[in-house]
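The chain below stands alone and is given in structure tokens; this is the form predicted on its own.
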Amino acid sequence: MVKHAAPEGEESDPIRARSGLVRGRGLSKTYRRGAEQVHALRAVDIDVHPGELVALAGPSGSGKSTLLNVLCGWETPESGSLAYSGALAGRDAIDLEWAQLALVPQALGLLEDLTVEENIMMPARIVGKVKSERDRGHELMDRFKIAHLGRRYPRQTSLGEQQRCCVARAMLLRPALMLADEPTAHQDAALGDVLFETMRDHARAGGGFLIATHNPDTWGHCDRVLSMHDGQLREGAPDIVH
């Protein structure tokens, strides 16, 4: 069972612990695949701090998406501790609001009955801030080159455009912690750079960003690279990318 604890209690460096947005210790997760037991996470330790952009690298099937799902509360690990601090303190991930924690899932999850602009503004609608965040939404749409698509539905746009819509939706309320699963997988180099520049701006403003990616070309945009292999996490880029 996962334990939720105050960040200060288990870290050797208390200043570092207090500044961390999320801290996982000993996170383990297994799945059943027929008779086979798959160890998606094996005693994973992870920290994400304000002001940093962290790459989570590794091949498909290494556990990256599972780790993001655990950190955002979509999945529950069998063991380990998960703690949040700062703007996220004292809450379970599943209870956090869009302004605290936002996820860009690999499946994107756009609502087909809403237009592109309505999808992007959805977090503001949930918290009753559509009017005050309208300019922010338009700014992100302009920056991500999707302003002209505002009245279209997701099915009327390309996969890359849908992905940028999803990133804009996640960033709308300036969440303290952002998690993104392959957020530039469907972008050309120029648009990928625009996305990373915007993520960097988010980090400069004090947010934390954890990005799962198997593309080594993206690692140079990040402050740190963590690598996963067979459910295990270590500091540094992987030696081989599949």
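Quick note: we count residues from 1 along the sequence shown, nothing fancier. Values in this document were obtained by computation on a predicted structure and should not be read as measured data.
There is another form of the same protein, the form predicted together with a small molecule; it is not shown, and what comes next is about it.
> Considering non-hydrogen atoms and a 4.5 Å limit, does the small molecule approach A40 in the predicted bound form?
Yes - in the predicted bound form, heavy atoms of A40 and the small molecule come within 4.5 Å of each other.
> Any chance R33 has a heavy atom within 4.5 Å of the small molecule in the predicted bound form?
R33 belongs to the contact set for the small molecule.
> Check whether Q187 has any heavy atom within 4.5 Å of a heavy atom of the small molecule in the predicted bound form, and answer yes or no.
Taking the distances in the predicted bound form, the answer for Q187 is no, it never comes within 4.5 Å of the small molecule.
> Answer yes if any heavy atom of G61 is within 4.5 Å of a heavy atom of the small molecule in the predicted bound form; otherwise answer no.
Although the small molecule is absent here, G61 would touch it in the predicted bound form, with heavy atoms inside 4.5 Å.
> Taking the partner as it appears in the predicted bound form, which of 190 to 198, 46 to 54, 63 to 71, 170 to 178 has residues with heavy atoms within 4.5 Å of the small molecule?
The contacting stretch here is 63 to 71.
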